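Just one chain follows, in the form predicted on its own, and it is written as structure tokens.
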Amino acid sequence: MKLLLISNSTNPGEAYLGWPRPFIAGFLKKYDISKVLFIPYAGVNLSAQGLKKSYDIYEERVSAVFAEFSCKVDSIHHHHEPASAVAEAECIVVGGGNTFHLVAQMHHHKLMEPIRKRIMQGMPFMGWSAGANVACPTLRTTNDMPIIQPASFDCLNLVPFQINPHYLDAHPAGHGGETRQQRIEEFLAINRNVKVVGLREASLIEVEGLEMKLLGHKPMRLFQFGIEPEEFEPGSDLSFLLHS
């Protein structure tokens, strides 16, 4: 597999896809990618004019960044037969937004298995935020509001663990709800054999074949039931998570 799983697109005060641009550029260059098939289904609030306009705006935003790397962006929402577009794609890129809507649309268009099949055959895949969530077995560690009920919570199952993007350590003063760690621990109480990666903003995971590394600027936190969370610094070899 060739995967780039990014926690978040943009840090405060930065341009869109600002911090991960060097990693995106390196990924595209490494695999000689000149065109990507973009999946914009997580973008549900970019326009008051409806979903198609939201998808158009999302495609334009991503295209402007990828043009810097001489890479064209073709959004899947323009294709009458999305599965055929997947079959012909050089690389698939999945943008962030609402994970429930993203997964609902991917199931509606019957894209999970075709995408997984292409990736397992070697097609590169990149996703940020919700787009990183869908690389996991399920969407159940998303942070997003369930604005729609997908046909299934099952996702691409490219990695044998769950990702919690935008992982936060903070517990804001005056906030009476659970911390992110407490919510993940609730998940683990029910799903005791599953590992959860708390992927902080400005960090990402790259998978190449049977090797996996943490890249970016923040440590990662690994959660397992009944075990104290473990921290991994940028540059760490995480390949053991692919085989456990």
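Fair warning: this is a prediction, and the values are worked out from it, not measured in the lab. Residues carry their position along the shown sequence, with the first being 1.
Below: the form predicted in complex with another copy of the chain, not depicted.
Proximity of residue 112 to another copy of the chain in the predicted complex: non-hydrogen atoms within 4.5 Å are absent; the residue sits far from the partner. None of the heavy atoms of residue 28 is located within 4.5 Å of another copy of the chain in the predicted complex. The closest heavy atom approach of residue 166 to another copy of the chain in the predicted complex falls within 4.5 Å. Looking at residue 184, you'd find a heavy atom of it within 4.5 angstroms of another copy of the chain in the predicted complex. For a residue to qualify, one of its non-hydrogen atoms must sit within 4.5 Å of another copy of the chain in the predicted complex; all three of 101, 152 and 201 qualify. This chain appears without its partner; in the predicted complex, the one residue of 140, 72, 79, 116 with a heavy atom within 4.5 Å of another copy of the chain is 140. None of 207-215, 64-72, 47-55, 28-36 except one has non-hydrogen atoms within 4.5 angstroms of another copy of the chain in the predicted complex; the exception is 47-55. Along 214-244, one residue reaches a heavy atom to within 4.5 Å of another copy of the chain in the predicted complex: 225.
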